[in-house]
Every structure is written in C-alpha cells, then in structure tokens.
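One chain comes next, on its own, written as structure tokens: the form predicted on its own.
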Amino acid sequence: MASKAVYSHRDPMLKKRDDFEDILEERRNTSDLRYALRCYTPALYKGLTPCTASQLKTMVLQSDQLLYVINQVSKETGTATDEIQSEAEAILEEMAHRLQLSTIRFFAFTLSKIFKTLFRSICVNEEGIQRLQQTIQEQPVVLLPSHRSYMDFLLMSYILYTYDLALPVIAAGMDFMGMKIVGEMLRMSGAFFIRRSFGGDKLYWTVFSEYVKIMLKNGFAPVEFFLEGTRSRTAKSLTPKLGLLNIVMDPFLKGEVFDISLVPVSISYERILEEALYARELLGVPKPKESTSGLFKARKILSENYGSIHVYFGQPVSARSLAEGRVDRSQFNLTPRHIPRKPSEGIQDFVNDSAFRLVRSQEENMVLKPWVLLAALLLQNQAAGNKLGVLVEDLTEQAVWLRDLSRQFGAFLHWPDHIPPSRVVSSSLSLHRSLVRVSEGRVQLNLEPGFPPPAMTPEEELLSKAVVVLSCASYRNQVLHVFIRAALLASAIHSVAGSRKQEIFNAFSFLRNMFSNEFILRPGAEVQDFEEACYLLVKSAVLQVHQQEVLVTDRGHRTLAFLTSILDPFVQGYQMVCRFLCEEAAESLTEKQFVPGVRKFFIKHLLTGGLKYVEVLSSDLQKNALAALLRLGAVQKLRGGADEGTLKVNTVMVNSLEDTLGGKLPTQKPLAARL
C-alpha cells in the first residue's frame, strides 16, 4: 500500500481551505429588524410541491408501512386497529414540527442581538454555502453538524436563514419539550421531538421513521440531526449513533430516491458557553433539567466574551458513491418496500463505516484556535508537577513549536500569522482567564480557590480543581483527532524494548483496539491508521521507517515525548479502572454503582499521590474504559433475574490488560498477514 497515495490529500500544502465570511459584520452595521423581516425566498428541491405540516402528517398516517405495522400490532396485541391508529396519531402530534416563518423571523431578530453580544465573529465558509445551495436543489439533503453546545441547532438555522437557504427540520430530544413556550417556539422553528430511546416500541419507531423518510423523499426541507446523538461534554467526537442514519439511507437503498447528499458540518467554538457545566456533569453533578426559567437565569453569560465561532460546511457526500461496490441494492427487491425488515449485517457494516467516515470528515474540518494548543501544553506542564507555572516566553516558544507540528500533521489551525506569537498567546490567555492566571510573568491553571479561601475538605478542594482541569481538557481534546494516530504509535514505540516494526505494530494495534471507544477510529482500519501515523512522523522528521525497523531520529524525541504525554491520562485512567475492578469491585458490583465506586477509588489515589492526572475523574473516560473491557470480554454484564446489570469481572484478563497498558505488550497476528 503506497502511503503517499493514501495520505497526500491530508497534506495541508495540497488542501485548499475555503475563505470565511463573518456574518456578524453586517449585523453590526445594519438594522436587525430589517434583517428579520426581509424577503426570504429560498431555492427548493427540484419538482417540489410545497406541502403544509398537516399534509405531511396525513401522508405519514396513510403510508403503507405504517398501515402494515398497525395491522401487525393489532394481531399481536388483540387491540382494535382504530385504537392503534389513534395512538399513532398521538405519537405524531407529540413529535411533529410546525415550521412557521413568523417564528423564524422572531428568532432571527433575537439571535442577532444575542450573538452580537456573546461573540466577536461567526465565520462561515462561503464555498461550502454555495455547494449546499446547489445540492439542496438537486437532491434530498441531510445536514450533520458536530454537537458541542446547545447553541448548535439555533446557529445552523440562523446561518441558513442569513444565506436565504431552505431551513432544516431538526431532530431534537424530548427534554426540550419540557421548556414551556421555548419548546413550542423550537417546534415552530423546525424542531421535531423524539424520545431518547424507543425500546422495542414498533409503532413509535415506524411513525418516527416514516415521518423522517417522507420529509426526505419529498424534499420538504433538509433534515438535520447530530450523528453523535447527544452533545459531547468533552469536546471529543463521540462514537456515532446509527438509528437516524439507517432511516435516512433507507429511501436510497430501496431505490425510492436516486441519491441522498450527506453534508458534514463542523462547528468550532473559541470558548464554549457550557464549559464549567460540562466539567461538573463529568464529575457527577446532575445535569440541570431544561427549563425556560433556567434559560433566563443563564442571562448572566451575556456579559461574557466568548470569542469567535467558525462553521465549516463540508463537501456533500453522496450516499450513492458511498454504496458503490459496497452494497447490492437488489436485495431490497425481494420483499415489498412497505414490509419493515431488519438491516442485514452487510448493510449495518456499510452504515457504520459511513458514519465513521462522516464524523472523521467533521473532525478534519474543525477550525482549531491557538488556545487548544496552549491548553494541551498547560495540562502537560501541570501534570509534570510544575507548581510555579511556566514562563510566558517559554509557553510562547512551545506554542509556536506545536503550531508548526500541528500544521505538518494537517491541522486546520486558525493562527493569525500577521500578529506576533506573543500577542496571539496573550490574547488567548485573556479570553480564558477563568481557567488560567498570569502572575509575575508565569502562567498556570487557575486551581486555587477564591480569596479568602473557603473552608474545604481535601476532597472538595480536589473536585474544585478538577472543574478547571476538565474544562481545560475539553479544549485540549479538540486537537486530539490531529495527533491520535501518531500518539498511539509514539506510545507503542515507548512501550516496546526494540525497534522491530512488527512488535511496534502489535503494540499499536493493542492500544488502538483498547481506545476505540475513546476516539474515532474506524473499525478494521488499523493498517491504514498505522501507515498514516508512520507517514506523518516520517514527514515531520521524527522517524525513519524501514522494511523491518522503525527508528527515532535525533530531533524526534521532543515530538514523541509530547505525543506520549497527550495519551498518558487515558492510559493511566484505563489502568486504574482495571485496578479498581480487581481490587475493589465487590461480587455484586452493578453497572449503576460502577461510576460512583470508581470515582471514590480515583479520589483516594489522587489525594495520596498514586495518580497524577486529575482528568481521570471524568465519568466519560471511566464509562469508555468499562465499555472497552465489556467489548474485549474482560468484564461481562449479567442479564435477567436478580443479577440484572451485575458486572462479572475476569480478574486474570483484567490484570493482564492492566499490565499490557503498563508496557508489557502481547503478541499478535503478523503485520505482513494484515497487509
């Protein structure tokens, strides 16, 4: 496999990035009211006969698939079809949007005021908008934004309205319906509400899937949903959820539409509104219930500066091109289209692979700000026990080094080259002064309690520091996709005694498999990922890779030290989860007791100095570690009876995994066999 052919498109010198336009600039100079009330005539899908929300409901209720399922449920439960039909109508009533232009205009006016107060700029790639404008007229469109903030779906609709594009209908969680007035206003701006889980509710699933498919097939509006299913509290991409992607692929797979365009959208915030809220959630503080009163209490954020937002509309991805050579669509001719069928294993693999590709595309188009590099460096300095902080000049030198490395790795970095690095750094530190403090020319994380310090137990003090560390880590996490493959390779090199390529590949494969719940790593792509990591580290003069050997160059040690350090908190966190399960897990530990139990265990070890990374307190890391152990068969979840949800730990296997993470690596299938 020729590395150059595979990876040349990732070379930042070869990849032309679009120009961005700040859409707030015009808002600052012209009337918001005129903007909200302006003529709005978006171009629509070819041949579309516009239909009302009530006509759409009628089409769903009369669809062959829903009528078939109503008869099936009637036979299975002995309930009259009229009764089930009424239940379907009630589900649809609860779910459906009622898109109204007057509400859109209200949001356009209100959001203009809010955005101008909160953000310095909202930058959108114009070429992406032009591509989208064209695509909406030619094919049914699915918009797939990244999800890091509540703000995402409001922002998406605001941008589309600004550019006179058709407004999307948006899949939203039921919890928003609990917000009186606001919930209804979201419905009238295009949100349709779905339950977080349907269980085995056949009727609910059919109403929902028919509603989405009919909107899509008829080109009623672009359909928008979040591939990750929920907001990422850590700013890392989450493993994609496949339910909605299966639904939107269905009309294409069954030949009901010629093609469907999937548009990944990357939304990058310089400062996230919910940063402290997310950190507390990860430490076990319950998420506040969505409510209108909560929204008004949050008004104090309007006095803060949240920097800039970059929104990148990616290249539309054709479902037809994704399926070419992968899916034989003739299999769908064997049964009538209206009879529901479970996707075959081949279709599930295809949809899963497509989802990973789309999330990777979101990641690659994330616009990274200088602060994400500074956060990575400050966390490493803090973990190294540097209590005095780092000199501003040293931090600036490190940041410039990391900026250049990031660019070599193909990062989409928004670092203004016409401004001296010292000013770029001081401006970033100033924007994030809630997380860092600069004193006597030194920078450190803002870990000390306020003055006078409140009386705190050691545990409370640790959790208070953890809020700052986890907030900082959420920015560092934004750059992980750039480095993750190289970091896995660096850690593999670090853990292997010699320089044999085969042993390093084995170590790389083990780590990649272990962390595949933690990062977006496409199933079955370990050879491509290994080659990509080698290519990047050879290109940046860190490694020399030969047929049988991998050698570190003299100038490569600094880069390898940085890369292993970036992965270290995850390695140590997973090791300690293994230790907890072997040492502390009682016979009857349930999945529900796991996070509180492991948090208590970690706090004890952090306070006694047995653990150095405070960020291991993140419940996200702990749950991902457990998911990995369940996937690998080292832990089993018992089902049924009194043992439902109890975790059965294979201590021999868990001990072995802990050792392996510590550097004692297993033997695996030869690299040559995989190639």
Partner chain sequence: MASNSSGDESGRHQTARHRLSVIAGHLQRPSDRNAALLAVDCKAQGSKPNVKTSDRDEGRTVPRRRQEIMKWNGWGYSDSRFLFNKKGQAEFTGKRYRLSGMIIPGLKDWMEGTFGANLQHKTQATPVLNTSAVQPPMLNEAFVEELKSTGIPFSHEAEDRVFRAHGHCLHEIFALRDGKIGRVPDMVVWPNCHNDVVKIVELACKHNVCLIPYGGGTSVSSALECPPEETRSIVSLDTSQMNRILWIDEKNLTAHVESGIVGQDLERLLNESGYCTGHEPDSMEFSSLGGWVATRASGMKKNIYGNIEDLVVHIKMVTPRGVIEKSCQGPRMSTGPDIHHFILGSEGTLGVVTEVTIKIRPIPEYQKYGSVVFPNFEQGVACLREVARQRCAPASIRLMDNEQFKFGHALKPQVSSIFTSFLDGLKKFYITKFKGFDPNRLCVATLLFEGAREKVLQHEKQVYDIAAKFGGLAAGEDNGQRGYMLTFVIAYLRDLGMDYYVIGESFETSVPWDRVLDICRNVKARIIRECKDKGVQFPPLSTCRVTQTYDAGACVYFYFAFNYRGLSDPVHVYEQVEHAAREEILANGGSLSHHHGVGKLRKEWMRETVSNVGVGMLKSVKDYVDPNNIFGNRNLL
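In this text, all values refer to a predicted model and were calculated from it rather than measured experimentally. Positions refer to the first chain, counted from 1.
Just so it is clear, the following notes concern the form predicted in complex with its partner chain, a form of the same protein that is not shown.
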query	finding
Heavy atom within 4.5 Å of its partner chain in the predicted complex - residue from K254, K202, R195, H546	K254
Answer option from R320, R512, R360, R599, heavy atom within 4.5 Å of its partner chain in the predicted complex	R320
Output flag, D259, S330 and R337 jointly within 4.5 Å of its partner chain in the predicted complex, heavy atom basis	yes
Touches its partner chain in the predicted complex: Q139 (any heavy atom, 4.5 Å)	yes
Residue stretch of 182 to 190, 420 to 428, 109 to 117, 322 to 330 approaching its partner chain in the predicted complex, non-hydrogen atom distance within 4.5 Å	322 to 330
